[in-house]
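Coming up is one lone chain in structure tokens, specifically the form predicted alone.
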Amino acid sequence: MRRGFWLRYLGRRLLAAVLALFGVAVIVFVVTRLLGDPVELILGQRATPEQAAQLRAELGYDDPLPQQFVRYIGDLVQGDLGVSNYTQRPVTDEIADRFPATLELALAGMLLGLLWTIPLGVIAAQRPGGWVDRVSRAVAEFGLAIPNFFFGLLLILLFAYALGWAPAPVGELDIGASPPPRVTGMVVVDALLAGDLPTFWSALKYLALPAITLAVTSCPPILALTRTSMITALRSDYVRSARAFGLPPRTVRWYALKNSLVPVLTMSAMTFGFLVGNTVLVESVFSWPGMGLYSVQSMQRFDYAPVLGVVLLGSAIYILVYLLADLISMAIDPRVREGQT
């Protein structure tokens, strides 16, 4: 493919990404401004009207909404997400502190999801209608039907309280435990890098239940798509030709899997983007100190800037991951490139 094709494609996608983020900013900005007055929360009920008016003027909340939005977009272009009215810290710093925890949880959930969905989808496609296929579809339907927060609560009741196999949902480590030296911000990774095996195993135990919750409730679409794509590939002409030429069954299955991976890759990217930006309820259930819990706490405090920052970051990550998946698909499959010309 010519260099110009890739540049035009990237230009179109980046422009679409900017417009999408702008639309998200408009919607969330307007909605959060209509939910309540943060000045009353900051000052309390004993504040005088004069004090409330002074603080509202200092924060710029007495300006018209369009003017507030233009000012916010101007700061956003400069990388300034604003200041939390509750903690008085820059939102960028607070998100930077919490994002590694969300990324760690999303990566663990995605890894566990891929480990069970793709192999099970491939096995189920070997004999459509067989017992493995029926079990896989039942598991996928269960994961899609049950809310992730409810499934997380069930895991906590069973493994943490009834059986005692898992620790109580109090975050990434025991209360009062010292985290490893911060390198990536992900406790499991940092403990491994520091060679602190007791902390590593402890963090892994706390990570297990929320990661399983995400893997079971968010990854079933990957299983369904893997099964469908693999069945289509196994019934294709090139697979029948390969069998007619006497190629070993393992080789035939490998070629079929390679050709069915493009849609699975796209679905996996979409799922990962979803996980990064939609761990709110799971983080709340497990008291996981990530962006989801941070956004919930900020909403309860009518703290607008953190909510906008979290939503915009989640949207940007989703768009970026989806774009990378498309680029990889186009690089490995000429049919995808032809569809973009």
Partner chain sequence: MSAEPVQAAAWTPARIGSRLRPLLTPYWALLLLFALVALLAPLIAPYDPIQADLEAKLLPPSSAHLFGTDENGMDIFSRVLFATRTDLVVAVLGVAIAFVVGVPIGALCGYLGGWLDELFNRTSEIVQSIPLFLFALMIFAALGNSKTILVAVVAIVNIPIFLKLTRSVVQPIKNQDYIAAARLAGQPTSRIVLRHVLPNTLGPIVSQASISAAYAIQITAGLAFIGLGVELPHPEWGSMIQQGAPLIMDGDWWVSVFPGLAVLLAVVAFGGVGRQIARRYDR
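Here the structure is a predicted model, which means the values were calculated and not measured. Here the rigid core means the biggest group of C-alpha atoms that line up within 1.5 Å when the two forms are laid on top of each other. Positions refer to the first chain, counted from 1.
A second form of this protein, the form predicted together with the partner chain, is not displayed here; the remarks below concern that form.
Note on the partner interface in the predicted complex: the residue among W201, W165, F142, Y255 having a heavy atom within 4.5 angstroms of the partner chain is F142. A heavy atom within 4.5 Å of the partner chain in the predicted complex is found for exactly one of V188, I156, A242, L76: I156.
Contact between Y9 and the partner chain in the predicted complex is not found at the 4.5 Å heavy atom cutoff.
In the predicted complex, the partner chain lies farther than 4.5 Å from every heavy atom of G82. Though the partner is left out of this view, W116 does not reach within 4.5 Å of the partner chain in the predicted complex, counting heavy atoms only.
Contact check for A325: no non-hydrogen atom falls within 4.5 Å of the partner chain in the predicted complex. Picking from 233-241, 260-268, 148-156, 190-198 the stretch near the partner chain in the predicted complex, with a 4.5 Å limit on heavy atoms, gives 148-156. Although the partner chain is not shown here, in the predicted complex the stretch 297-318 places heavy atoms of M299, Q300, Y304, V307, L308, V310, V311, G314, S315, Y318 within 4.5 Å of it, in sequence order. The two forms, fitted on the rigid core, differ between the shown form and the other one by 2 Å or more at the CA of Y72. A movement of the C-alpha atom of V296 falling short of 2 angstroms is seen between the shown form and the other one when the two forms are aligned on their rigid core.
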